[in-house]
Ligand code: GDD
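In the form predicted alone, a lone chain appears below as structure tokens.
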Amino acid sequence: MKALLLAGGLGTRLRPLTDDLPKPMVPIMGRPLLERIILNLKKSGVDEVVISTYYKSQYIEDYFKPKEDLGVKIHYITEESPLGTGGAIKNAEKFFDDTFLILNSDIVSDIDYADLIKYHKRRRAQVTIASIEVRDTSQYGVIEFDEKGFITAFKEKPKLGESNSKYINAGVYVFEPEVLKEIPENTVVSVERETYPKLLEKGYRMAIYKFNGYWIDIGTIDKYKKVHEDILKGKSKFVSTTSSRGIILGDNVKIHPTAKVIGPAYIGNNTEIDAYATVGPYTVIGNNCRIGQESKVSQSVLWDNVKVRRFARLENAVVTSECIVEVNMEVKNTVFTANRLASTTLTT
């Protein structure tokens, strides 16, 4: 089984986290989101993926090319200019001659891809759209469908009373390759706003797969941080974890006997926590970090190779890779990058 991963977005709303890396490569529990997605696809029988890139495409290739041990064959296709979701799908047409999955690469969800594919085939659909139910549909395009689960209409941001459906596009699809001929080449196309209504009008069999489990897009920094809290709380199975008292430890972690780690928390490989330091709760620390003497880190996400000096205080913060938080420094309700202390304010 093959999958197409749409990974070309600019990640504007995630800046400054995406100043130096593409959005699908932001770490989730110490590993890039895109890698987590590929590993979950592998569990569902996907053995070959195509990554469609645009923004900082070389970063993605440089990361994955040495990782032959993933057990999934990876192809890359890069857009010279943004083509939209439909254009990106059309651009990858040469890779697909059978049923295949398509995923937006900024989604964290517990969707069972194997079950989705089985549903698609049972319905003998040509397109199946995974969908989630929301309370307020006014900010979304909704999907209307009949009692057999076939799509009858798409309505963009309906007002109260304009649609009985509460189901929206979840950014995960199953396609049969013959529908690709309906997307024009070398053209900016939205699969959601242009391709899907066109396919429906032409009589293609389009099914809806209703999903009621965990789903979130990491379009904002608050959502990015929330994903980690939800995983630590056990609300999502996106990352398989084994913990002791809610504390997940990587390899070669060194914790001083006088340090305190309060769960739930995740501490990555080769990280050291010095004397009388306190880490947690709801804290994720990446690989090769150093948490200094008597410092405190709570409700925060630290990327790889972060150094927190003595007596520093971090609360409700995101700290990107290679940062040094200096002695006695306080970082609270914000993003800290190697270039600057961001003006972004995180919700508490």
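What we label the rigid core is the largest C-alpha set whose atoms superpose within 1.5 Å from one form to the other. All values reported here derive from a predicted model rather than from experimental measurement. Numbering starts at 1 and runs along the sequence shown.
Although it is not shown, the form predicted together with the ligand is what the next lines describe.
No atom of the ligand lies within 2.4 Å of a backbone or C-beta atom here once its pose in the predicted complex is superimposed on the site C-alphas of this chain, so the site counts as open.
The three residues 52, 88 and 173 all sit with a heavy atom within 4.5 Å of the ligand in the predicted complex. Contact with the ligand in the predicted complex, judged as any non-hydrogen atom within 4.5 angstroms, is confined among 100-108, 245-253, 226-234, 116-124 to 100-108. A heavy atom within 4.5 Å of the ligand in the predicted complex is found for one listed residue only; from 82, 177, 197, 263, this is 82. Proximity to the ligand in the predicted complex, taken as a non-hydrogen atom within 4.5 angstroms, holds for one residue of 156, 146, 162, 185, which is 156. In the predicted complex, the ligand stays beyond 4.5 Å of every heavy atom belonging to residue 332.
Proximity of residue 211 to the ligand in the predicted complex falls outside the 4.5 Å heavy atom cutoff. With a 4.5 Å cutoff on heavy atoms, residue 13 counts as touching the ligand in the predicted complex.
Heavy atoms of residue 140 reach within 4.5 Å of the ligand in the predicted complex, making it an interface residue.
Residues of 4-20 lying near the ligand in the predicted complex, listed in sequence order, are 6, 7, 8, 9, 13, the criterion being any heavy atom within 4.5 Å. Once both forms are fitted on their core, a CA shift of 2 Å or more is seen for residue 139 between the shown form and the other one.
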